[in-house]
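Starting off, we have a lone chain in the form predicted alone, written out as structure tokens.
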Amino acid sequence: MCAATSRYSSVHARSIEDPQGFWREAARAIDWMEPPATIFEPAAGVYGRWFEGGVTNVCHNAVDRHVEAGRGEQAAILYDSPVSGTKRAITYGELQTEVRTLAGILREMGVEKGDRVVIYMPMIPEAMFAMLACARIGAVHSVVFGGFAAAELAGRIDDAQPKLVLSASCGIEPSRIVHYKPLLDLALTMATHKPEACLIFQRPQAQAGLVPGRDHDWATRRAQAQAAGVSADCAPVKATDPLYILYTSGTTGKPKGVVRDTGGYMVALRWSMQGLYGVEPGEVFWSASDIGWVVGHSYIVYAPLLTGCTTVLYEGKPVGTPDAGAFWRVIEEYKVAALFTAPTALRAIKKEDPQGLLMRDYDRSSLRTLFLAGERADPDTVDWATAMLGVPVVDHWWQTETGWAIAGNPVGLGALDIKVGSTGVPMPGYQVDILDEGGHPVGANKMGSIAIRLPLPPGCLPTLWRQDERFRESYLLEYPGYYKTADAGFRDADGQLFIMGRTDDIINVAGHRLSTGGMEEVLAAHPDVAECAVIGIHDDLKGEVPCGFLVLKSGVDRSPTQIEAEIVALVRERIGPVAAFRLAITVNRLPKTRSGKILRGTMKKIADAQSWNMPATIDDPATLDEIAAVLSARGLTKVSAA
């Protein structure tokens, strides 16, 4: 569909011209115990607050109201765990029973409205029960990615100061069991704040030892509560009260806890499911992420359930559980209407099955749209997925801080023409400008820092947990009147945004500001390259010079040296000599976080011989040693991790 037949322009224009009217209408999709007295109060909070005076409950909107409306027998959660060989369908009625019971247990253990609860769990249904149970009684949950290092977990415990920790005995990776309980025990010895108790879910793959007087067995407490009829009803919660705290990955020093409020988040997510993703109640939506990340919070747990959809909870990988056909099997089995995943997952699949042979084994006819976010989607990967799947591939852009998309292609309003490389157009409520170094808006196709005019729309963070001043300093001071995204890019003449990377990824080569993302596009277009990363390396003469890292596709039998030379020539041809691109290095794999983001910043520190810390979110620490060894072989030295 083209712009002429899409409702996008009029919808977005109204959200900017009459934000209160727009979001008042959107809020009607939510059940309110007390409707908000004010849609937006500019005098409240750091930059204003949405839906002041409103009282509601997230768990009621995500669970109870669907049961009351007759959806009790519909599947709410489809749990699929190839790593444990487990599948389970949980109806809305069953979900309500489980969450009511767990909420009652939390109350028995002393958790009240406003108390914090840390959830340190794998991708199992009980983790979702835990989040919803907290929401039911008005407690503030903080999910920490399962298996996170003890020191990082301790820092989050000290910042959130939870009354209770919910955890499990282990997580399961394709090649190993990750024992969570020893990590939790160590974190609790390191933390200054001591939670009153821990509730531990024992998985059959590993039994954890329980500390008497502190640790409680989940199954035992659940059985006791069910026998005694223990449960909890939905508590009234202010729209401006916090629903959760989510700590951004890769933080150093004091953790940075993004606060998500209750009312604005629900309204924004509910609008996005139909307006952006084009998914209706009763359909199956699959976000192939992890509940430890913002995508998992928003689009595994809350948005699909708020809409009355069926959500897929997948405990597996895009490849290796058992092969690169895993995603297509899930789509066929559950008749998934829309899939949301990270570009890195597609690149992994493309590397293992470049011809898409495994796709042919599965019926994917239910799939209407593939959505990508989490890292820049290179055009080569988008083109490959489009050709293989035969459905629109929609790249869209958002952040932990925003909680939902800043920009995308609004399928539900009538999709705009897809421009490969673009993340689409701003979503309702977002006024996006491209700014120069002085904070002035620039014209079309000019690279700059991307900023959002205040106020941010509903769903975005109102502040950082107990750190209003840090919120101002980190996001609002550099460009007065704006929220600084710390992303760089440009907007074309049609208003479509192109996100080229973090502002730190704009390198200065002999006075020329160049995007490493633009260079990565060129590298990814080479037929033998599965994935790539470009960083700027310090150079005494030019300031910085680009260095490209290449992972080759499976089955490539040509010399890496030959491919590297072709890459250098390709960048010179498409970007020009100004890029000073002369260094392409083939590696076996790239260092990534568990969510699939490439650790470019740490790679740059290694290349520049700077001291560096092991990122808390790294998937495999050995990958950084591999990068250091390759760089050393090329004449660059490594400084050990601090």
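Every value quoted in this text rests on a predicted model; they were computed, and no experiment measured them. All residue numbers refer to positions in the sequence shown, first residue = 1.
This next part talks about the form predicted together with adenosine monophosphate, which is not shown.
- [ ] With heavy atoms only and a cut-off of 4.5 Å, decide whether residue 449 touches adenosine monophosphate in the predicted bound form.
- [x] Residue 449 lies outside the contact set for adenosine monophosphate.
TODO: Classify residue 399 as contacting or not contacting adenosine monophosphate in the predicted bound form by the rule of any non-hydrogen atom within 4.5 angstroms, answering yes or no.
DONE: Heavy-atom contact with adenosine monophosphate at 4.5 Å: present for residue 399.
- [ ] Answer yes if any heavy atom of residue 374 is within 4.5 Å of a heavy atom of adenosine monophosphate in the predicted bound form; otherwise answer no.
- [x] Residue 374 belongs to the contact set for adenosine monophosphate.
Open item on the list: Even though the partner isn't displayed, in the predicted bound form is residue 423 close enough to adenosine monophosphate, meaning a heavy atom within 4.5 Å?
Closed with: Taking the distances in the predicted bound form, the answer for residue 423 is yes, it comes within 4.5 Å of adenosine monophosphate.
Open item on the list: So adenosine monophosphate isn't shown here. In the predicted bound form, which residue out of 531, 261, 487, 521 has a non-hydrogen atom within 4.5 Å of it?
Closed with: Only one listed residue qualifies here, and that residue is 487.
Task: Residue (of 416, 456, 294, 199) lying close to adenosine monophosphate in the predicted bound form, criterion heavy atoms within 4.5 Å - done: It is 294.
Task: Segment assignment from 375-383, 215-223, 358-366, 469-477: heavy atom within 4.5 Å of adenosine monophosphate in the predicted bound form - done: Looking at the other structure, the answer is 375-383.
Task: Sense of CA distance change between residue 544 and residue 439 in the predicted bound form, threshold 3 Å - done: It is farther: the C-alpha separation of residue 544 and residue 439 rises by at least 3 Å in the predicted bound form.
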